[in-house]
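Consider the single chain below, provided in structure tokens and representing the form predicted on its own.
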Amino acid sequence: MNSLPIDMNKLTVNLLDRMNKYVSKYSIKQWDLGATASTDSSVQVDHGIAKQLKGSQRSSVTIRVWNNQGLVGITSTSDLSDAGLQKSVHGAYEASLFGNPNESPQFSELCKAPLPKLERPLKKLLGIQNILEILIEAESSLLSTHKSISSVPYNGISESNYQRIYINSEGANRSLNNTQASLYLYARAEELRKKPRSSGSVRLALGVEDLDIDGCILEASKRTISHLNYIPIRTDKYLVCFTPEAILELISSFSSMFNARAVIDGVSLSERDSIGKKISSPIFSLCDNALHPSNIGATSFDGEGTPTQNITIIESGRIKNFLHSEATARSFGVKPTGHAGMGAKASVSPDWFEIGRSKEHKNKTNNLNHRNSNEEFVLIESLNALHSGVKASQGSFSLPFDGWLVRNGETISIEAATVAGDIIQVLNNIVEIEMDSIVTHSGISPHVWVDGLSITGEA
């Protein structure tokens, strides 16, 4: 299923002309529209046999209108015909009559500002048959890497061509057209009189032909095999080293700390006056770098048409910025940051976290050298049950994890264990951030070391 190039200018002009015609019937002076369309293919396999094949072409439009009292109504539809669009405009107008006067977003002051340039060349979609053959071969290669790897129960390869549009009654006109592909392989290994062990790997690229398939196979195999020999761990407090994937998972789970919408709603650990307050070790730095070249899913504007950017959230251990929509930025007296969805009460969400050392510690040599010492520590590879084990508004977490105990230079897989703590204590107990950053599918980070974390072993 190869998608044809879409003339985005023609599409936006068509939507704009139709919207102007329909809104005039209800004397609507202010409106905006967000539209998405995508062509998607995905496959899964089981021992060389196709397990699930999916192909879809989807489109949707979200319309907001403001009535004469300034109240907002919103509707969404997948019917882009004249009748469907007109019905949605009418529905949004009817909804505006019941709008919440305490939640009245406006157009972003940056909705017509110049957009950042993204170097994201479009890639050809290969189609279901071709990506199926690629995945079958990848599964076979992974199974052959070790005799104990018996299956790859979770696997998949997908490709997508997607388009986004934002237009409004004041002349804002945003559009983008991107392609993206992903591969994940999660292997299962079994040995006699031992528990099955599993691990996996993920890769993203602009197109299937750019996926690091061999790297994904090698990493999934290496991680799975490393868990074959395991031991129980005693319950205690440990020095913990988080892999880049694991620390990004943890920070993302508590992103409400930097979310202005959550702050206003009272469901964040932060408050309005938290800007400038110490929240972590002074060596810690956190950015939301939506435009990083390795961010495959990068977009140049958010759901309100605000340009995306690289924004510093924590620097030298202190909160420097919150993430904002138009409404939250207006409430705080700042500019929107490009993190909004579209809604009568716009959501705010991060794009792509980048963790590193603060500026004054960027080039300082760390004398601790935990990795090269004989000190005992726990290396956490990935965190599980994030949906149920994190209480973001309270700052606490208790999460099963996959990882290893490192003792006297020997690395041994941990049979089963849970890491628990408070996110503020974790951030303040960071004792080392390694120099080398690693790009993952969800962000970029070095290995991060935290002292005194509670690990509960299997009873």
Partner chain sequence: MVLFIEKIPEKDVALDSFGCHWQTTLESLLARGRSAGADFVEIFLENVDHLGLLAEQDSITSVSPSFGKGAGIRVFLGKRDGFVSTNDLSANGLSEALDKALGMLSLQVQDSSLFSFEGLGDLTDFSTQKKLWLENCPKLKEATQTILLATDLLDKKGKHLQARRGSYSRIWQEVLVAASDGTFSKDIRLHQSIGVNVLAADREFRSSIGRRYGSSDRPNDLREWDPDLSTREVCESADKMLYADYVEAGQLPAVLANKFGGVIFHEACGHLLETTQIERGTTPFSEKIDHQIANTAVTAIDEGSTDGAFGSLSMDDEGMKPQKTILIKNGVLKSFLSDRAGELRTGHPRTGSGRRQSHTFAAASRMRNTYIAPGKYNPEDLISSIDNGLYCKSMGGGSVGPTGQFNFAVEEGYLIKNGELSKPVKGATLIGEAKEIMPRISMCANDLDLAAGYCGSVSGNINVTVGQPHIKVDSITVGGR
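The structure presented is a predicted model; accordingly, all values stated were derived computationally and were not measured. Residue numbers count along the first chain shown, from 1.
Another form, the form predicted in complex with the partner chain, is not on view; read the next lines as being about it.
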### Message
Is it the case in the model of the complex that 192, 361 and 435 each bring at least one heavy atom within 4.5 Å of the partner chain?
### Response
no
### Query
Considering the partner chain in the model of the complex, which of 118, 176, 74, 206 comes within 4.5 Å of it through any heavy atom?
74
### Task
Find the only residue in 169, 253, 141, 198 having a heavy atom within 4.5 Å of the partner chain in the model of the complex.
198
### Message
Since only the chain is shown here, I'm wondering whether residue 272 would be in contact with the partner chain in the model of the complex (any heavy atom pair within 4.5 Å).
### Response
no
### Distance check, residue 416 to the partner chain in the model of the complex, heavy atom within 4.5 Å
yes
### Residue contact check: residue 357 to the partner chain in the model of the complex, 4.5 Å heavy atom
no
### Message
Residue-level contact is defined here as any heavy atom of the residue lying within 4.5 Å of the partner chain in the model of the complex; does residue 102 satisfy this criterion?
### Response
yes
### Message
Within 4.5 angstroms, counting heavy atoms, which one of the listed stretches 123 to 131, 299 to 307, 209 to 217, 323 to 331 is next to the partner chain in the model of the complex?
### Response
123 to 131
### Query
Which of the residues spanning 45 to 73 lie within 4.5 Å of the partner chain in the model of the complex, based on heavy atoms?
46, 49, 50, 51, 52, 53, 54, 55, 56, 57, 58, 59
